[in-house]
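For reference, the chain that follows is the form predicted alone, supplied as structure tokens.
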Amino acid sequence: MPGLTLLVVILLLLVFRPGGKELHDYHNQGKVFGTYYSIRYLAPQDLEQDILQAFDRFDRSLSMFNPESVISAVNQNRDTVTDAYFEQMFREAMHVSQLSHGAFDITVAPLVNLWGFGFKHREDVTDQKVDSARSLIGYRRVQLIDHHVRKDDPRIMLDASAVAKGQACDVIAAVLREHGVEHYLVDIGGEVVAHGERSPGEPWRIGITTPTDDLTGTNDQLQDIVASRDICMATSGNYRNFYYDGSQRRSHTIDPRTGYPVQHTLLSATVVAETCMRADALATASMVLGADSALVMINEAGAKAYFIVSEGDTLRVITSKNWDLTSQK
């Protein structure tokens, strides 16, 4: 899920807490969950091993590409006890599904796979196959009872990809806080949690990318920049993960209510919420709903949104009324 470009100024290499331990600027980066991560923080020691261990625990819970994960066991109908990460994700997904009236739905996996954006190879899509996959969709058809997932059809499969990156940001931020870190920025595939300052007296600055049809991401331009000392922010867009089926452009955002990739003018949805997990889910739901309906949902959720829509050959920015983040280009 693409969209955020980080503008960071390197923190002081060595600073001191008044009367406390010396703090160093650390930058851990690499690949995880099929995307990149970049984590900057001030701490007395490097916390990379703690971060990697948290990634591993999270992978064993919610990775659909890990055959031993909790979500894989659920999808394969193996009897499994759900863990805290899975249950947190499940509760949040159900909440956003209700807020969005089904535009967000973690049972969308059969449709995502059918259209070639999941963990199976793309099929030749027909209306009949779409109807067949849609018969297995519906967030009300799964329940979490006594640490077990109950489905009303064993063929139902879950897909947490539209919420997991944001949740992982929250998880890593919690690891840093547990070690007393007060200044940090966690970026996983463009979803961001930031707290404190990038340097003394300066907030973190996070770029919102201009949506262009660039599969490589090598020609990023910034639409805007937000500055904050405390933020959970996620972006969803259809301008990178897509393919052409003949003359038809197929985006990775699938409307679980219709079974087809969305086709409307909303190109990018950036959402700020109480947690990055919620921001991630709301951003995805916004891309399904389109700008007007999404703003209603965002207001009801008490979140903030920055939408970029297409108007012919030009782009227009639409924000929620409560969007009060400092924006500057």
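For every residue, the number given is its place in the sequence shown, counted from 1. Fair warning: this is a prediction, and the values are worked out from it, not measured in the lab.
Although not depicted, the form predicted together with a small molecule is the subject of the following passage.
- Here the marked residues Glu191, Gly237 and Ile254 all reach the small molecule in the predicted complex, each with a heavy atom within 4.5 angstroms.
- Checking 26 to 34, 42 to 50, 299 to 307, 284 to 292 against the small molecule in the predicted complex, the stretch whose residues place heavy atoms within 4.5 Å of it is 284 to 292.
- Proximity of Cys169 to the small molecule in the predicted complex: non-hydrogen atoms within 4.5 Å are absent; the residue sits far from the partner.
- In the predicted complex, the small molecule sits beyond 4.5 Å of every heavy atom of Ala173.
- Heavy atoms of Ser161 reach within 4.5 Å of the small molecule in the predicted complex, making it an interface residue.
- A residue is said to contact a partner when one of its heavy atoms sits within 4.5 Å of a partner heavy atom; His195 fails this definition for the small molecule in the predicted complex, lying far away.
- For the options Val149, Ala103, Ile208, Ala133, the one in contact with the small molecule in the predicted complex, meaning a heavy atom within 4.5 Å, is Ala103.
- This chain appears without its partner; in the predicted complex, the one residue of Val108, Met89, Leu185, Cys232 with a heavy atom within 4.5 Å of the small molecule is Val108.
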